[in-house]
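As structure tokens, the next two blocks hold two forms of the same chain, structure 1 and structure 2.
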Structure 1
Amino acid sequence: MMATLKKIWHWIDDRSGITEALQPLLKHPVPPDARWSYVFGSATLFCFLLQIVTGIGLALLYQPSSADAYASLNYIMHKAPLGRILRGIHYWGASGMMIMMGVHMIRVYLTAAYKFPREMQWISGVFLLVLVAAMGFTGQVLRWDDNGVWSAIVAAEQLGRFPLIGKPLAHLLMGGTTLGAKSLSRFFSYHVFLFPGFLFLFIGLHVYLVIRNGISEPPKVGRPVDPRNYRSWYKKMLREKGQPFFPFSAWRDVVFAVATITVIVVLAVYPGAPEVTRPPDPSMLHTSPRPDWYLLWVFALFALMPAQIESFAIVIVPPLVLFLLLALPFIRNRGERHPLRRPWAIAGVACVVTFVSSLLYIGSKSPWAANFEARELPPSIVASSLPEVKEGSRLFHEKACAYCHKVKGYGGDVGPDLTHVARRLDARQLRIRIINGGHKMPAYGSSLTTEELRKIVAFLKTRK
């Protein structure tokens, strides 16, 4: 049997040239000191392959139509065999890919591996980062729940602020001037065909450049990069000390990739992917879309930004950041690479990590946004047997008061905490405030009946 299989393999290999094609990849020499800090690039690639496999599985069950998308995702989550785990792997795989790519780029920046002759490797990596972020955003929209739909609307509104090209870009994104039936198929095409195609193209370019220019050697103090003699020095170093990528370095990549995928699968089982929110309703204006965690810092940044500079920041900051990232290897492509000789690089990374981490924390709390996932107050909090107080508590949640106001830890943070509101306001003042509204609070006089108003006030009067 084994002899037969070997003959079949030799025939396939002879006709296809698989071994001949893989030899340059497996046998290309790498610096002898390329250790565990070099595994994050390959881990990103493994996460991408995992996304392709799980994405194909999800696409077989997903219905990319505005009428059926929400229901099909609920079917995947709750009825399809292993559907919840499949979506969980895809969801956490996206997070893993963003983390690995971020750590990989930080490592490359700190060790100045973008210097000569690897400028194009850095540039292709920047484009890969943009494409991965775009994949994450379009994947969120494909959930086609209230959060996904409004995320698409917000993105189109921000694109529309760019002068001259803004409106055409927004039209291209949405498939029209407004959100409609074409929008979902447009985002599906972006997520499944367009962006993955570009990802394959840039990944292929990135891997080719790694093989052509070689893996950057670990930096040493006092060994600067000089474009005049670096290539000859690097080739001589590889001839004298280099080791074949397989198996000397490949085993670390495989071990770390297996550990990464194992963590992703465990997270897919518990806690799993987040549930979809409410069905989409573009007529519902009281909503606050939130991106997935790896884009949450951008959401927090623009939420905290003064309104008068928001348009300017949207138009100027993203292109400026992209320009600086692309220009980095041209600003200084020679000189010292060791972080100890580049303290500004360490300080810059520390500032960026602190800045983004702070925004992620603030964005997770979203104190400026209503909490649309606020639960109805439990009986232990209501603590009353009076029917009108119980009904008032129910109406407090049903009429969205709990989205902005907190009572004993339940509710939102936009409005004042009402846990002890009866100590500050009497029944008459409560009625006036509810009917007329206030700062950031809509007037409920036209949306509440007299009986509903009486019951809500009866409930609030017990908050002493």
Structure 2
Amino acid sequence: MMATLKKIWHWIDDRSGITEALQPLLKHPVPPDARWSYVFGSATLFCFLLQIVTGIGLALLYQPSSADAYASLNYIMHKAPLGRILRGIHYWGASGMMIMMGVHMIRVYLTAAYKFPREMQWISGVFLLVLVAAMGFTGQVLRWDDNGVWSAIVAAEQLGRFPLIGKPLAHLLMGGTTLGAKSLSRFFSYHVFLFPGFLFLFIGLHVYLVIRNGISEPPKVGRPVDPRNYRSWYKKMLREKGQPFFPFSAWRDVVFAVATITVIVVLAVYPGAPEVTRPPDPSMLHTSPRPDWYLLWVFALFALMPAQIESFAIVIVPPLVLFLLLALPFIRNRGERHPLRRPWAIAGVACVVTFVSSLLYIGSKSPWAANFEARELPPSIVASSLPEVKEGSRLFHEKACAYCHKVKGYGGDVGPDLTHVARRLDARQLRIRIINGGHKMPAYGSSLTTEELRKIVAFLKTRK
């Protein structure tokens, strides 16, 4: 029996050359002290493989038409055997992939592994970053619930503001000027054919380059990269101290990948993927898109930005960030690699991480969404016993002002906190603001009676 199997394997191996092809992959020598900090790239790859497998499973059950998508997702979640777990793995796998990719990128940046001769590795990595973000975004739209759809609409609107190419590009992406029935089948094609195709291509390039240029050795203070002699130095170092990737270094990748996948599967069982919310309803005006966390911070950023600079920022910031990322290895591809000799790199990473995590924190409270659960102000906060002030505070809640404005911690965050508004505005100014509204504030001129307006202003005048 064994002999027969061996024979079959020999035949396959001889005719196809599998061992020969895998040899360089498995046996390429790696620097001896490349340890645990090197596992994140391969963990990203393992997450990707997990996404492919679960993605194929989901695609078998999913209906990419706007009439059926929502129902087919509910079918996956509640009827299909193992459907809930399949979707859970795909959902948490996406998050896992984002995290691993982010950490991998930070590690590469901090240890300046992008320097000579690995510039192209970094550049292919930036393309992978963009592609993975695009996968996350299109994946959310496929959910076809109101979060996914509204996020796409908001993003499309922002894209449309890009001069010249914005509108045609949005049109191309969505198959129309706005998100509609046609858009879903397009997003489906992007998510399962187009972007994965490019992902395979760039992952192939990325891995090929790792083998061609070798894994960067851990940096050492006082050992700068000099393109004139780096390659010969690296070769000599590998000849003397290098170890074959398999099994010497590969076991760490395997252990870490297994741990990562275990965490993903556990999360897929409990708590599982979030339920799909409501089906999208184009007549809903007061919607508040809440994309998944890895895009939430972008939404938070644009929601917090003053409206005047928003259009400007959309045009400038993303291309600038992309340009800087691509230019990084050319700005300085030689010199010290150790983070201790590159304090600005540490400061930069700290800034970006703080910036993104505080935006995530803010985003998790979605200040751009009216707070429909705002409660009425308790009498202790209404600092007056005058009946018109009391009436005014009641109207403040009844007329939905509290959905958007906070008074002493009660209410929403869309508009400014009005706890001390009377210090800024007098009665006349208050009336003007309320009657005319403003950016993201409805004009109440036609929906309040003079009496109601007077009472609300009387209430606000007490907020000193």
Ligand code: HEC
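All residue numbers here refer to structure 1's sequence, counted from 1. We call the rigid core whatever largest set of C-alpha positions still superposes within 1.5 Å between the two forms. Every value quoted in this text rests on a predicted model; they were computed, and no experiment measured them.
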message: Between the pair I just shared, point out the form predicted alone.
response: 1
- request: Answer yes if the CA of V407 moves 2 Å or more between the two structures after aligning the rigid core, and no otherwise.
  value: yes
field: Threshold 2 Å Cα movement between the two structures at E451, rigid core reference
entry: yes
task: Would you tell me if I18 moves between the two structures by 2 Å or more at its C-alpha, with the rigid core held superposed?
output: no
query: Cα of H420: shift between the two structures in Å, core-fitted?
result: 17.7
